[in-house]
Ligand code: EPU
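Let's start with one chain on its own, the form predicted on its own, as C-alpha coordinates.
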(Lines give C-alpha, C1' and ligand atoms only; values in the text may rest on other atoms or scores of the structure.)
Protein backbone atom coordinates (compact mmCIF):
# COMPACT_ATOMS: atom_id res chain seq x y z
CA UNK A 1 0.00 0.00 0.00
CA UNK A 2 1.20 3.47 -0.90
CA UNK A 3 -0.10 6.26 1.38
CA UNK A 4 0.38 9.90 0.35
CA UNK A 5 -0.66 13.30 1.72
CA UNK A 6 -2.03 16.33 -0.19
CA UNK A 7 -2.41 14.18 -3.28
CA UNK A 8 -3.32 15.88 -6.56
CA UNK A 9 -6.36 14.26 -8.15
CA UNK A 10 -6.33 16.19 -11.44
CA UNK A 11 -4.79 13.29 -13.44
CA UNK A 12 -7.24 10.88 -11.80
CA UNK A 13 -10.61 12.42 -12.73
CA UNK A 14 -11.87 12.59 -16.29
CA UNK A 15 -13.22 16.13 -15.85
CA UNK A 16 -9.62 17.22 -15.22
CA UNK A 17 -10.57 19.26 -12.16
CA UNK A 18 -7.63 20.68 -10.20
CA UNK A 19 -8.25 19.39 -6.67
CA UNK A 20 -6.33 17.83 -3.77
CA UNK A 21 -7.15 14.96 -1.42
CA UNK A 22 -5.85 15.25 2.13
CA UNK A 23 -4.70 11.62 1.92
CA UNK A 24 -4.58 8.97 -0.79
CA UNK A 25 -4.10 5.23 -0.32
CA UNK A 26 -3.17 3.22 -3.41
CA UNK A 27 -4.34 -0.33 -2.72
CA UNK A 28 -2.40 -3.21 -4.26
CA UNK A 29 -4.00 -5.99 -2.18
CA UNK A 30 -7.40 -6.25 -0.50
CA UNK A 31 -5.60 -6.99 2.76
CA UNK A 32 -4.47 -3.36 2.65
CA UNK A 33 -8.09 -2.48 3.48
CA UNK A 34 -7.88 -4.54 6.64
CA UNK A 35 -4.73 -2.62 7.58
CA UNK A 36 -6.51 0.71 7.02
CA UNK A 37 -9.44 -0.50 9.13
CA UNK A 38 -7.16 -1.40 12.03
CA UNK A 39 -5.64 2.09 11.84
CA UNK A 40 -9.11 3.64 12.09
CA UNK A 41 -8.77 5.22 8.62
CA UNK A 42 -12.44 4.66 7.76
CA UNK A 43 -13.66 6.81 10.65
CA UNK A 44 -12.99 9.82 8.41
CA UNK A 45 -14.61 10.63 5.07
CA UNK A 46 -13.30 8.38 2.34
CA UNK A 47 -13.84 8.07 -1.39
CA UNK A 48 -13.02 5.20 -3.73
CA UNK A 49 -11.54 6.36 -7.04
CA UNK A 50 -10.99 4.23 -10.12
CA UNK A 51 -10.74 6.71 -12.96
CA UNK A 52 -13.27 9.06 -11.29
CA UNK A 53 -15.14 9.00 -14.60
CA UNK A 54 -18.44 9.61 -12.84
CA UNK A 55 -17.31 12.19 -10.25
CA UNK A 56 -17.34 15.99 -10.32
CA UNK A 57 -15.07 17.48 -7.66
CA UNK A 58 -16.34 20.79 -6.27
CA UNK A 59 -13.58 21.43 -3.73
CA UNK A 60 -10.64 19.88 -1.92
CA UNK A 61 -11.47 16.42 -0.60
CA UNK A 62 -10.63 16.61 3.08
CA UNK A 63 -10.54 12.87 3.62
CA UNK A 64 -8.99 9.63 2.37
CA UNK A 65 -9.05 8.84 -1.36
CA UNK A 66 -8.69 5.11 -2.01
CA UNK A 67 -7.39 3.91 -5.36
CA UNK A 68 -7.74 0.15 -5.97
CA UNK A 69 -4.83 -0.95 -8.16
CA UNK A 70 -5.56 -4.68 -7.77
CA UNK A 71 -5.36 -6.38 -11.16
CA UNK A 72 -6.20 -9.86 -12.38
CA UNK A 73 -8.93 -12.00 -13.89
CA UNK A 74 -9.52 -15.74 -13.77
CA UNK A 75 -11.92 -18.36 -15.07
CA UNK A 76 -13.72 -19.87 -12.08
CA UNK A 77 -16.12 -22.07 -14.05
CA UNK A 78 -16.42 -23.10 -17.68
CA UNK A 79 -18.74 -25.30 -19.73
CA UNK A 80 -19.38 -25.77 -23.44
CA UNK A 81 -21.94 -22.98 -23.29
CA UNK A 82 -20.67 -20.40 -20.81
CA UNK A 83 -17.76 -19.09 -18.78
CA UNK A 84 -17.72 -17.49 -15.32
CA UNK A 85 -15.02 -14.89 -14.72
CA UNK A 86 -13.75 -13.33 -11.51
CA UNK A 87 -12.27 -9.88 -12.10
CA UNK A 88 -10.29 -7.81 -9.62
CA UNK A 89 -11.56 -4.28 -8.96
CA UNK A 90 -8.55 -2.51 -10.47
CA UNK A 91 -8.99 -4.00 -13.95
CA UNK A 92 -9.91 -1.43 -16.60
CA UNK A 93 -13.42 -2.11 -17.86
CA UNK A 94 -12.65 -1.41 -21.51
CA UNK A 95 -9.76 -3.89 -21.41
CA UNK A 96 -12.07 -6.50 -19.90
CA UNK A 97 -14.50 -6.07 -22.79
CA UNK A 98 -11.68 -6.54 -25.30
CA UNK A 99 -10.53 -9.65 -23.41
CA UNK A 100 -14.03 -11.15 -23.61
CA UNK A 101 -14.36 -10.32 -27.30
CA UNK A 102 -10.95 -11.82 -28.08
CA UNK A 103 -12.09 -15.05 -26.42
CA UNK A 104 -15.48 -15.00 -28.20
CA UNK A 105 -17.47 -14.68 -24.97
CA UNK A 106 -20.78 -12.84 -25.38
CA UNK A 107 -22.46 -10.49 -22.91
CA UNK A 108 -20.51 -7.24 -22.42
CA UNK A 109 -19.62 -6.24 -25.99
CA UNK A 110 -22.32 -3.52 -25.95
CA UNK A 111 -20.56 -1.99 -22.94
CA UNK A 112 -17.37 -1.32 -24.87
CA UNK A 113 -15.41 1.91 -24.29
CA UNK A 114 -17.10 2.71 -20.98
CA UNK A 115 -14.39 4.41 -18.90
CA UNK A 116 -13.61 3.30 -15.37
CA UNK A 117 -12.60 0.13 -13.60
CA UNK A 118 -14.37 -3.15 -12.90
CA UNK A 119 -14.93 -2.36 -9.22
CA UNK A 120 -17.07 0.65 -10.09
CA UNK A 121 -19.29 -1.22 -12.56
CA UNK A 122 -21.78 -2.67 -10.04
CA UNK A 123 -22.02 0.56 -8.03
CA UNK A 124 -23.47 2.32 -11.04
CA UNK A 125 -24.91 -0.76 -12.75
CA UNK A 126 -23.19 0.54 -15.87
CA UNK A 127 -25.14 0.29 -19.08
CA UNK A 128 -25.10 1.32 -22.73
CA UNK A 129 -26.60 0.37 -26.08
CA UNK A 130 -29.34 -1.86 -24.68
CA UNK A 131 -27.19 -3.76 -22.14
CA UNK A 132 -26.45 -3.42 -18.42
CA UNK A 133 -23.99 -5.03 -16.06
CA UNK A 134 -26.84 -6.79 -14.20
CA UNK A 135 -27.48 -8.85 -17.37
CA UNK A 136 -24.23 -10.80 -16.78
CA UNK A 137 -23.62 -10.19 -13.08
CA UNK A 138 -23.22 -13.12 -10.68
CA UNK A 139 -21.72 -11.72 -7.48
CA UNK A 140 -19.12 -9.46 -5.93
CA UNK A 141 -16.83 -9.45 -2.92
CA UNK A 142 -16.58 -6.25 -0.91
CA UNK A 143 -14.90 -4.96 2.23
CA UNK A 144 -17.18 -3.65 4.97
CA UNK A 145 -15.60 -0.49 6.37
CA UNK A 146 -17.94 -0.62 9.39
CA UNK A 147 -17.00 -4.14 10.57
CA UNK A 148 -13.65 -4.82 8.89
CA UNK A 149 -15.04 -7.99 7.27
CA UNK A 150 -15.31 -9.18 3.70
CA UNK A 151 -18.80 -9.90 2.39
CA UNK A 152 -20.24 -11.49 -0.76
CA UNK A 153 -23.23 -10.00 -2.59
CA UNK A 154 -25.31 -11.85 -5.19
CA UNK A 155 -27.44 -10.12 -7.84
CA UNK A 156 -30.51 -9.82 -5.63
CA UNK A 157 -28.45 -8.39 -2.77
CA UNK A 158 -27.25 -5.57 -5.03
CA UNK A 159 -30.80 -4.38 -5.88
CA UNK A 160 -29.78 -3.16 -9.31
CA UNK A 161 -31.83 -0.44 -10.96
CA UNK A 162 -31.32 2.06 -13.75
CA UNK A 163 -27.77 3.34 -13.06
CA UNK A 164 -28.38 2.35 -9.48
CA UNK A 165 -27.61 -0.23 -6.81
CA UNK A 166 -27.79 -0.69 -3.06
CA UNK A 167 -24.29 0.79 -2.89
CA UNK A 168 -25.68 4.19 -3.89
CA UNK A 169 -28.42 4.15 -1.25
CA UNK A 170 -28.53 2.19 2.03
CA UNK A 171 -24.89 1.02 1.68
CA UNK A 172 -23.49 4.25 0.31
CA UNK A 173 -19.91 4.92 1.46
CA UNK A 174 -19.76 1.66 3.40
CA UNK A 175 -18.46 -1.11 1.13
CA UNK A 176 -15.39 -1.17 -1.11
CA UNK A 177 -15.61 -3.62 -4.00
CA UNK A 178 -12.64 -6.00 -4.23
CA UNK A 179 -13.75 -8.20 -7.14
CA UNK A 180 -16.76 -8.96 -9.33
CA UNK A 181 -17.89 -12.22 -10.92
CA UNK A 182 -19.76 -12.29 -14.22
CA UNK A 183 -21.17 -15.00 -16.49
CA UNK A 184 -20.62 -14.78 -20.25
CA UNK A 185 -21.99 -16.94 -23.05
CA UNK A 186 -20.11 -18.96 -25.65
CA UNK A 187 -23.28 -19.03 -27.76
CA UNK A 188 -23.85 -16.09 -30.09
CA UNK A 189 -26.40 -13.68 -28.61
CA UNK A 190 -26.33 -10.43 -30.59
CA UNK A 191 -28.11 -7.65 -28.69
CA UNK A 192 -29.27 -5.12 -31.27
CA UNK A 193 -32.17 -3.73 -29.23
CA UNK A 194 -30.70 -0.23 -29.15
CA UNK A 195 -31.83 1.81 -32.14
CA UNK A 196 -28.37 3.03 -33.18
CA UNK A 197 -27.12 -0.57 -33.30
CA UNK A 198 -30.17 -1.93 -35.13
CA UNK A 199 -29.77 0.85 -37.71
CA UNK A 200 -26.04 0.12 -38.02
CA UNK A 201 -26.76 -3.52 -38.88
CA UNK A 202 -29.90 -2.87 -40.93
CA UNK A 203 -30.00 -5.27 -43.85
CA UNK A 204 -27.34 -7.54 -42.33
CA UNK A 205 -28.23 -11.20 -41.85
CA UNK A 206 -28.26 -11.58 -38.05
CA UNK A 207 -26.73 -15.04 -38.31
CA UNK A 208 -23.59 -13.51 -39.88
CA UNK A 209 -23.02 -10.95 -37.12
CA UNK A 210 -19.93 -11.74 -35.07
CA UNK A 211 -18.96 -10.57 -31.61
CA UNK A 212 -16.14 -8.35 -32.80
CA UNK A 213 -18.50 -6.68 -35.29
CA UNK A 214 -20.80 -5.54 -32.48
CA UNK A 215 -17.91 -4.32 -30.31
CA UNK A 216 -16.45 -2.40 -33.24
CA UNK A 217 -19.86 -0.94 -34.11
CA UNK A 218 -20.33 0.28 -30.53
CA UNK A 219 -16.85 1.82 -30.59
CA UNK A 220 -17.59 3.57 -33.85
CA UNK A 221 -20.96 4.91 -32.67
CA UNK A 222 -19.55 6.08 -29.33
CA UNK A 223 -16.56 7.76 -30.96
CA UNK A 224 -18.83 9.64 -33.37
CA UNK A 225 -20.94 11.07 -30.53
CA UNK A 226 -18.92 11.14 -27.33
CA UNK A 227 -15.67 13.04 -26.66
CA UNK A 228 -12.55 11.17 -25.61
CA UNK A 229 -11.70 12.28 -22.02
CA UNK A 230 -8.02 12.17 -22.97
CA UNK A 231 -8.72 14.96 -25.48
CA UNK A 232 -11.76 16.81 -24.07
CA UNK A 233 -12.24 16.47 -20.33
CA UNK A 234 -15.69 15.13 -19.43
CA UNK A 235 -17.52 12.65 -17.23
CA UNK A 236 -19.73 11.02 -19.83
CA UNK A 237 -23.49 11.34 -19.44
CA UNK A 238 -24.14 14.05 -16.85
CA UNK A 239 -27.85 13.31 -16.43
CA UNK A 240 -29.90 10.13 -16.33
CA UNK A 241 -32.53 9.58 -18.98
CA UNK A 242 -35.73 10.53 -17.11
CA UNK A 243 -38.36 7.88 -16.48
CA UNK A 244 -41.87 9.32 -16.54
CA UNK A 245 -45.45 8.10 -16.61
CA UNK A 246 -46.27 6.55 -19.97
CA UNK A 247 -49.34 8.77 -20.27
CA UNK A 248 -47.15 11.88 -19.93
CA UNK A 249 -44.61 10.51 -22.40
CA UNK A 250 -47.30 9.74 -24.99
CA UNK A 251 -48.75 13.24 -24.68
CA UNK A 252 -45.29 14.69 -25.29
CA UNK A 253 -44.85 12.35 -28.25
CA UNK A 254 -47.98 13.76 -29.84
CA UNK A 255 -46.55 17.26 -29.50
CA UNK A 256 -43.02 16.22 -30.52
CA UNK A 257 -43.32 13.22 -32.92
CA UNK A 258 -39.54 13.08 -33.36
CA UNK A 259 -38.91 12.65 -29.61
CA UNK A 260 -37.06 9.39 -28.79
CA UNK A 261 -39.27 7.35 -26.47
CA UNK A 262 -38.53 3.98 -24.89
CA UNK A 263 -41.53 2.29 -23.32
CA UNK A 264 -40.58 0.32 -20.20
CA UNK A 265 -44.06 -1.00 -19.39
CA UNK A 266 -47.67 0.18 -19.36
CA UNK A 267 -46.99 2.70 -16.62
CA UNK A 268 -43.43 3.94 -17.25
CA UNK A 269 -41.44 5.20 -20.23
CA UNK A 270 -37.92 6.53 -20.68
CA UNK A 271 -37.14 9.76 -22.55
CA UNK A 272 -33.71 10.69 -23.92
CA UNK A 273 -32.29 13.43 -21.70
CA UNK A 274 -29.93 14.53 -24.46
CA UNK A 275 -32.89 15.21 -26.76
CA UNK A 276 -34.65 17.30 -24.09
CA UNK A 277 -31.49 19.35 -23.50
CA UNK A 278 -30.94 19.87 -27.22
CA UNK A 279 -34.52 21.07 -27.70
CA UNK A 280 -33.87 23.73 -25.07
CA UNK A 281 -31.01 25.06 -27.20
CA UNK A 282 -28.07 23.98 -25.04
CA UNK A 283 -26.16 21.78 -27.45
CA UNK A 284 -22.73 23.32 -28.05
CA UNK A 285 -23.38 26.21 -25.64
CA UNK A 286 -20.51 27.44 -23.46
CA UNK A 287 -20.24 29.42 -20.22
CA UNK A 288 -16.58 30.17 -19.67
CA UNK A 289 -14.70 26.87 -19.95
CA UNK A 290 -17.76 24.80 -18.97
CA UNK A 291 -19.69 23.69 -22.03
CA UNK A 292 -22.21 21.30 -23.53
CA UNK A 293 -20.60 19.00 -26.06
CA UNK A 294 -21.36 19.98 -29.65
CA UNK A 295 -22.24 16.42 -30.72
CA UNK A 296 -24.00 15.08 -27.61
CA UNK A 297 -26.03 17.42 -25.40
CA UNK A 298 -26.02 14.92 -22.54
CA UNK A 299 -22.27 15.41 -22.04
CA UNK A 300 -20.86 18.43 -20.22
CA UNK A 301 -17.19 19.18 -20.84
CA UNK A 302 -14.28 21.11 -19.39
CA UNK A 303 -12.68 23.06 -22.23
CA UNK A 304 -9.72 24.20 -20.18
CA UNK A 305 -9.71 25.58 -16.68
CA UNK A 306 -13.31 25.11 -15.56
CA UNK A 307 -13.85 24.47 -11.87
CA UNK A 308 -16.27 21.87 -10.64
CA UNK A 309 -18.57 24.67 -9.52
CA UNK A 310 -18.59 26.09 -13.08
CA UNK A 311 -19.77 22.78 -14.53
CA UNK A 312 -22.34 22.35 -11.74
CA UNK A 313 -23.68 25.86 -12.41
CA UNK A 314 -24.08 25.04 -16.10
CA UNK A 315 -25.88 21.78 -15.26
CA UNK A 316 -28.31 23.60 -12.97
CA UNK A 317 -29.19 26.10 -15.69
CA UNK A 318 -29.79 23.23 -18.11
CA UNK A 319 -32.02 21.36 -15.64
CA UNK A 320 -33.99 24.52 -14.93
CA UNK A 321 -34.53 25.08 -18.65
CA UNK A 322 -35.71 21.48 -19.26
CA UNK A 323 -38.13 21.63 -16.33
CA UNK A 324 -39.56 24.95 -17.52
CA UNK A 325 -40.05 23.62 -21.06
CA UNK A 326 -41.13 20.02 -20.47
CA UNK A 327 -42.04 19.87 -16.74
CA UNK A 328 -39.48 17.07 -16.37
CA UNK A 329 -36.85 17.04 -13.63
CA UNK A 330 -33.43 15.84 -14.72
CA UNK A 331 -31.50 13.73 -12.22
CA UNK A 332 -27.72 13.83 -12.18
CA UNK A 333 -25.87 10.65 -13.08
CA UNK A 334 -22.62 12.29 -11.99
CA UNK A 335 -21.62 12.10 -8.32
CA UNK A 336 -20.80 15.44 -6.69
CA UNK A 337 -17.89 15.48 -4.20
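Positions refer to the first chain, counted from 1. It should be emphasised that the depicted structure is a prediction, and the values quoted were computed from it without experimental measurement.
In what follows, reference is made to the form predicted together with this ligand, a form of this protein that is not presented.
- Not displayed here, this ligand is approached by residue 262 to within 4.5 Å at the level of heavy atoms in the model of the complex.
- The closest heavy atom approach of residue 283 to this ligand in the model of the complex falls within 4.5 Å.
- In the model of the complex, residue 51 stays away from this ligand, with no heavy atom inside 4.5 Å.
- Interface residue remark: residue 275 is counted as part of the site for this ligand in the model of the complex, having a heavy atom within 4.5 Å.
- With this ligand left out of view, the stretch that reaches within 4.5 Å of it through heavy atoms in the model of the complex is, among 120-128, 83-91, 166-174, 148-156, 120-128.
- No residue of the trio 134, 160 and 181 has any heavy atom within 4.5 Å of this ligand in the model of the complex.
- Of the residues given (33, 297, 65, 291), 297 alone sits with a heavy atom within 4.5 Å of this ligand in the model of the complex.
- Shown without its partner, this chain lists 186, 253, 71, 222 as candidates; in the model of the complex, only 222 has a non-hydrogen atom within 4.5 angstroms of this ligand.
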